[in-house]
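Only one chain comes next, encoded as structure tokens, the form predicted on its own.
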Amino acid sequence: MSEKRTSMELGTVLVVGGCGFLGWHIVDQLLNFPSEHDPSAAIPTMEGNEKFAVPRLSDRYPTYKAKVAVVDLRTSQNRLPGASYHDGDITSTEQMLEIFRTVKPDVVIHTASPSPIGATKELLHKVNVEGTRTLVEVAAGERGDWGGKCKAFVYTSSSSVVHDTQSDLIHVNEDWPYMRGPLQQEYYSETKANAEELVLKHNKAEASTMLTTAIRPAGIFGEKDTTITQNMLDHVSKASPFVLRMQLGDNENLFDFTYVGNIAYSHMLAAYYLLSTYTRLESGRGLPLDHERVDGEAFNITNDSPIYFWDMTSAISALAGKPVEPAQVISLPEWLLQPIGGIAETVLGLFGKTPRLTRRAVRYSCMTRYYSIEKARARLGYLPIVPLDEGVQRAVGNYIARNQLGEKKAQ
């Protein structure tokens, strides 16, 4: 299944969470990048600055033939021309049935999830597990009747489903078991594992012919990013030159960061191959061979370019106009910072606050964590289209341009 496609027909696609960070990029790509062709959909960029000059995305990704609909809790923001928008709560069977009756999707791409930072356990379970259960059962025609059944369901999982947030991971593949229960220190990751398992068990379930798969992104960043890029740049903008020189650990830990457009692309590849398998089954030709299958499978998605963790921060800082030379770096050992982070958590916790330096942040900055994409390469034909350095240019350029635009509006 490694044939390269220049055009993909995907039928009617419902993007769940399509007004969020990843969801917006999936919708933009499905619509063949109105963000590059339609002034009303353009996102802020650093025009005329050679440091941020990048080639067009629409010239490199496939073209798509699809009718696109979006469902999100609120769809007033991050809208794109060419898609239909529907407000809806994925934990409500009635609301989902109403939307499915209107859209009648062939494909569901489910990206909706609360942020892992700040969300309560109750909210994470409600949305990630129960919301996914509702969505997949409605899509498969197992809960209520919307007049049809979806052919393909692509779930946005997480690479963290096999990680305990403490151990080093080196070139990990999809054969690793879920990390749950006492071994899993991040409840968000546990809910993503539970939801992924639920989705994959619905592949060709007894009452349905719907095919399912899961995409596991690692270290997602890019334009409109409000986590990795924004957190790093917020730190860069506020930190003194001395603080910017400080580094947690010795920077010998490789880490996966993945450009959001590549992750969006992997979802479309997954949908395309699920539809191909569906057509194959309908014609009586049987399933692909085990080593070719996409349905019922999970796939790691990265930029296939693990980088030393603090090299990413250095690249972002340099693009933001605050370069730090290697000889200037002050390396602080993890063994020293862990107890300091613990003390900060205890003291500020008494006042209901969370410090910037936590034990989790220290471990995260010092761990090795990168994954194998061999399975995605072989079965989806996936290769990252936007390289890591260009992804950083795009993310930083968009962040700076958005801030400048915000400053102008405030004047």
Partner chain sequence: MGLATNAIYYTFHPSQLRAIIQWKVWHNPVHERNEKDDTETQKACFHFLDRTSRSFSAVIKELHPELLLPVCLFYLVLRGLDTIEDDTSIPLETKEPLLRNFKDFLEQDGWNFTGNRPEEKDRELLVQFHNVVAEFKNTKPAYREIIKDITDKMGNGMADYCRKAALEDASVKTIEEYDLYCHYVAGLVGEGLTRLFVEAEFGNPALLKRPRLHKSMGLFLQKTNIIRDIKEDEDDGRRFWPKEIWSKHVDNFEDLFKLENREAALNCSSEMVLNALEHMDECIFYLAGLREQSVFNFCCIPQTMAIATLELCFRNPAIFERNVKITKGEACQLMFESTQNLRVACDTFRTYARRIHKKNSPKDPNFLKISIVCGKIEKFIEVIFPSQNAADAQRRVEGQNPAKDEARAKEDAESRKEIMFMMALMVVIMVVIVAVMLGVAWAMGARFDLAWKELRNGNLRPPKQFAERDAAMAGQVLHQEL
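All figures in this text were calculated on a predicted structure; none of them were measured in a lab. Numbering follows the first chain given and starts at 1.
Note that the form predicted together with the partner chain isn't included here; everything after this is about it.
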query: Region of this chain that lies against the partner chain in the model of the complex, out of 187-195, 159-167, 105-113, 132-140 [heavy atom, 4.5 Å]; finding: 159-167
query: Distance check, residue 318 to the partner chain in the model of the complex, heavy atom within 4.5 Å; finding: yes
query: Contact of residue 75 with the partner chain in the model of the complex (heavy atom, 4.5 Å); finding: no
query: The partner chain contact in the model of the complex: residue 219, any heavy atom under 4.5 Å; finding: no
query: Residue contact check: residue 172 to the partner chain in the model of the complex, 4.5 Å heavy atom; finding: yes
query: Full three-residue contact with the partner chain in the model of the complex, heavy atom 4.5 Å, for 34, 361 and 399; finding: no
query: Heavy atom within 4.5 Å of the partner chain in the model of the complex - the one residue of 292, 98, 89, 250 that qualifies; finding: 250
query: Option touching the partner chain, based on a heavy atom within 4.5 Å in the model of the complex, out of 323, 181, 81, 118; finding: 323
query: Residues of 299-316 having any heavy atom within 4.5 Å of the partner chain in the model of the complex, listed in sequence order; finding: 304, 305, 306, 307, 308, 311, 314, 315
